[in-house]
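Read the single chain below, which is given as structure tokens and is the form predicted alone.
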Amino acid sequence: MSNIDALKQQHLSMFEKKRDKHKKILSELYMEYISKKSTNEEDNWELFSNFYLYFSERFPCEIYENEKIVGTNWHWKWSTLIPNTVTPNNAGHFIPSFQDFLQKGVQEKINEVKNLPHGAALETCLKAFSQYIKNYSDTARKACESSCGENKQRLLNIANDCEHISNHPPTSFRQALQLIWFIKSFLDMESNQAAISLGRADSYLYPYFENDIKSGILTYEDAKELIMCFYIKASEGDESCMLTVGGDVENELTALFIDAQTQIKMRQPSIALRVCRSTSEQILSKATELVLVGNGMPAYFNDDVIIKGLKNIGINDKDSNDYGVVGCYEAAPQGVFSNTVACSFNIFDPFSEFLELKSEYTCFSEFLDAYKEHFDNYYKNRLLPRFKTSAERDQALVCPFASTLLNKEKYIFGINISETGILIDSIHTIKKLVFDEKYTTIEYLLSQAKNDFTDDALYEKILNLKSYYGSNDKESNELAKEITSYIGKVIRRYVIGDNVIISPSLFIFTQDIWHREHVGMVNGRKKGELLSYGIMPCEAPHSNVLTSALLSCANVCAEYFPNGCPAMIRLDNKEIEQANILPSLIKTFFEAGGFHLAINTLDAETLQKAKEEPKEYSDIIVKISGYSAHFTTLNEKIQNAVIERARSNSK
């Protein structure tokens, strides 16, 4: 077994133990520290920064066998063990300014923050970070004393690298990758949250890689091994950690980051591939190889639509062009204060409320105008106050380390919206059956939805509709454009604060699963049936042909929702291998206006066996929204939904 295989097996065998151990270590150290403090002694900026120093001087520094990238992943929401205690929190769901930190190094960052608000606390925080790294250097150097051969050289490399980057900018690819991991590790310790993502790693790490390759101190295989070591560290945490590659900076590292995940097959980081006109056939081919692994990677993102969308909400050209992907599917600038999942709402709720008004309408346009007015009022009076409160809360968070890595002049506030497909299809169903054909009334359709369509004739009528969201017919496509553009314009119309940029998305993580017991809906979907996912059509009552469903999705006005408009599909490996359909499918979808495409390949039969015999299928990884997880560890309700989606007719 190779060293990298042994390291992976070591990770898998120790995963649960390390999670519980590290969660306990952090919570106990924090309570030990707090017990020595007076609540009036210092503000929270000083309190937390001094804790980071206390922690960095006392945490148990562990370096495991075969590791070439070291450092604990502290992401275990350790504060849940000490409820009702004030703890650090940076909210997560952002991309730090890794490139800036790599270029300057710890000491220059210390000099830089002194004159910033809370400068003394930020300086203490960075000194704590330096000490945190130095401890790994000391631990590795001590371990060298009782080691020999290759292992001694490995430990010596770790010691020298960590000693250097504890104060200075990295000078090699290995040092740069190690510093990135230490930053991520320390942010996770601070966050108690998730989805602190890695940004465009093939861009900001490329100068180190290129220099090492040219000087002969690094080979492509060496680099890939280091990346795989990095991926194993990233998989220690229970979170969604996106790494973005490709787009206009495609280079040799782009391929290596994809190849490494194809080979190592880890849960994290999830790979996001930016696709633009210059994306090479080589990268698309390597991405296809990763898709065939079956772990839901990479996720494909359409640069044309996303960059336009980010500019639409007020992100400058430079940051828009240099966007990365956060957490699940959220496109965001790097190094800007963000919370891409700050607030959410179900778009069907105000529509359901509107239908209960039982007003009379002479035509469909009058009905639609009335709904638009209702949504405007609902958003302004019911949602906006909640959003303002949430934004104020996030802006008041005390997060010293994150504050050294983020530009806080602007705050990007993510609004997640679910059930877009249900809404479009429900409005279209009302148009067809109530106004065009005059077959029924809104009141009767609503009552039947609540009772799961006991009227068989009405339900059959809905089933036989030729025009619906997902059929790619002109009428429903135009309605999709009109509704989503209106919603986007309403959200854009109302501001939360002078320095707050609202970034909406059309998805909420796993809500299509947890809310499936919602009562039936007027488009014919019955209680308990799967809801629409992201911008995809609802999977009931109509059977959707894959290409038609995607082309319908492409009519959603994604440029109003740069925070994420996911479309997730399933393809058989045989289809991908024999027909080589992926490149043309992606090209067609993106040219039509699609935002993002995610692909699962595992079939329902395999997943069902994995559910029944978890020990035999423990290595199966699936994509749940944007989160990659071992299937056998998932909640049964999520497992059932994944299996059901795999049986879907959307093929």
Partner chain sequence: MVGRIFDIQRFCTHDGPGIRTTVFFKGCNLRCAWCHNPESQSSEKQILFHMEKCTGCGRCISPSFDAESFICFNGAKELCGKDYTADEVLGEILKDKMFYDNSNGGVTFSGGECMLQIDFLAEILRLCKENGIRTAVDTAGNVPFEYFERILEYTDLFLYDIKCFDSDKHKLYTGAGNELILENLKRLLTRTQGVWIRIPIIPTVNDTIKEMKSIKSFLSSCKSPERIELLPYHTFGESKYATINRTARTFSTPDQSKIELLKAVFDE
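Positions refer to the first chain, counted from 1. All values derive from a computational prediction rather than experimental measurement.
Omitted from view is the form predicted together with its partner chain, to which the following refers.
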TODO: Tell me, please, which stretch of 250-258, 363-371, 454-462, 326-334 lies within 4.5 angstroms of its partner chain in the predicted complex when heavy atoms are compared?
DONE: 454-462
Open item on the list: Given that its partner chain is not shown alongside this chain, does Thr588 nevertheless sit within 4.5 Å of it in the predicted complex, heavy atom to heavy atom?
Closed with: yes
Open item on the list: Using a 4.5 angstroms cut-off on non-hydrogen atoms, would Ser35 count as touching its partner chain in the predicted complex?
Closed with: no
Open item on the list: in the predicted complex, is there a heavy atom of its partner chain that lies within 4.5 Å of any heavy atom of Asn472, even though the partner is absent here?
Closed with: yes
Task: is_contact(Met31, its partner chain) in the predicted complex, heavy atom dist at most 4.5 Å - done: no
- [ ] Tell me, out of Asn407, Ser280, Asn499, Asn580, which residue has a non-hydrogen atom within 4.5 angstroms of its partner chain in the predicted complex.
- [x] Asn580
TODO: Could you work out which of Leu155, Leu571, Ile232, Ala391 is the residue within 4.5 angstroms of its partner chain in the predicted complex, going by heavy atoms?
DONE: Leu571
Open item on the list: Pick out the residues of 337-353 whose heavy atoms come within 4.5 Å of its partner chain in the predicted complex.
Closed with: none
